[in-house]
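Shown below, as structure tokens, is a lone chain in the form predicted alone; questions about how it binds or moves come after it.
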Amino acid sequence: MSKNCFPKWLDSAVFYEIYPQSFRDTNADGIGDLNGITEKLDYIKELGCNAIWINPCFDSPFGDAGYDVADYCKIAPRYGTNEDMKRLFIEAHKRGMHVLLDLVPGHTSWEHPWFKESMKAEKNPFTDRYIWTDSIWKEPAGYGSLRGISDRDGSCAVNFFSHQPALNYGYYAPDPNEPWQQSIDSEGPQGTIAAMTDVMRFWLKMGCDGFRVDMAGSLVKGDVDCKGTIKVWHQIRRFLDGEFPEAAMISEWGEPDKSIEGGFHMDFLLHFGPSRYNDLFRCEKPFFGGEGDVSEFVAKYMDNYEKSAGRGLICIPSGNHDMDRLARSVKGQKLKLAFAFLLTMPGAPFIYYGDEIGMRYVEGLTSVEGGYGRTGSRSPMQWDDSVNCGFGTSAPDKLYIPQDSSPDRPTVKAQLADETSLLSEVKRLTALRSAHSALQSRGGIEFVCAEKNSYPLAYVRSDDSERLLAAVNPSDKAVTFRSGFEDARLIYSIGSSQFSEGTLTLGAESFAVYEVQYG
């Protein structure tokens, strides 16, 4: 990825992730819609977010909440129309905001017209759009399959759920004894790549600013080191550089060195895999719960940071539609400290809708649209104290997912009126980030205190204009550490802190940012 193709707006981006079916319902059908997102753009901007990621909103049978696409170029009718999406792009741009759509390139729904054509016994342009073996009795090793569903002789590989047939990007090293395994350069995989670039072109021309790409590292099969998948993304990168150089590409990959090599601008640290992300917020004893260890996370983070070598960014989200809500394991004042950390780290931060008010995981829900254990993190946004918490005016039993029924459930209205609320703190933190270039996406980072099973966590953010020391102590005891700096000026704090003769003391459940100079 050439440096001149890095979208400048990512340098100061703060993202807000919207699960569209649960954000705001404007037509009283119990399901959120695009007009509801447009209606709330001013709220998102006032929160301090200048970019949005919208989970899949394309036409779908919704067996997997829209990650099973039936038409990549049509908005699902329950969300509105293509014209509604175009208006959302226009209104966001008027406010200086950018919008990413969720692209699912690895599979479709089994209801997609491409798949219906591929099931036919007669050879046609879609025969090789998906991965089929050459015999109904043979399954692709390592993958589930669909079989016995059509006249075509063969079994079709699936990704994740059985109703999601895998698109064909080829095998990294096709087995010569299995002629159905195609190389990346074969006609079938190249047709898939061309089709996906057509989808991207369609939405980018309409006003989309880029894509968050679902499971971006999983395209090519038998690709242990991801070299084949990187090759595919290089091909797509050339298309984007030629036609849409300002389009942002953010990957769900979890290995920044590989995704950035493939041409992505930023990669998420994932709640699964080797990132140690769960050490922060979601494990038996999370660091931000007040009795955990951060040292392994820091070591892994710096490993990824050094491998990416300034060519791209690493994102640490507050959460997403696949994780438990942040407030399930981090509570009270500690939630403020978690956001203080997230909003003072490199890479563009992502706030999952509702996390900014401490929305809770709704326990004991039956799965909705393939959510299973994730369903409790997808409940409707809690705006105010009106019917359905201001989400919409449908009968409560028509809501997409039941809401938090607790009498003390948090709402935007109540927290906006409270200067001590989590929402008010998040707004102050996004303003802090906006005011200091060293705290933004490209600012450097050096961890100066991250001891095993110990507090605090401290790090220096810096650029050509400033050097800032940030330190956080989620534990219930005051802590002290030698900072290595001679003098410091406090510019932001939660709780209590004191700097004296190079030593920083943080009170229990406290956070501070100091402007510092080297001694």
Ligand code: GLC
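Fair warning: this is a prediction, and the values are worked out from it, not measured in the lab. Residue positions are given as counts along the sequence shown, with the first one as 1.
What follows is about the form predicted together with the named molecule, which we do not show.
The partner is absent here; in the model of the complex, the one residue of L416, L365, M215, I445 having a heavy atom within 4.5 Å of the named molecule is M215. Residue-level contacts in the model of the complex: of E111, E139, D322, D303, one residue has a heavy atom within 4.5 Å of the named molecule, and it is D322. With respect to the named molecule in the model of the complex, the three residues H98, F339 and T430 uniformly fall beyond 4.5 angstroms at the level of their nearest heavy atom. Of the candidate stretches 435 to 443, 387 to 395, 407 to 415, 157 to 165, only 157 to 165 has residues with heavy atoms within 4.5 Å of the named molecule in the model of the complex. Proximity of R378 to the named molecule in the model of the complex: non-hydrogen atoms within 4.5 Å are present.
Proximity of R374 to the named molecule in the model of the complex falls within the 4.5 Å heavy atom cutoff. Contact annotation for D59: none of its heavy atoms lies within 4.5 Å of the named molecule in the model of the complex.
Interface membership of E425, defined by any non-hydrogen atom within 4.5 Å of the named molecule in the model of the complex, is ruled out. Residues D64, Y67 are the ones in 46 to 76 with at least one heavy atom within 4.5 Å of the named molecule in the model of the complex, listed in sequence order.
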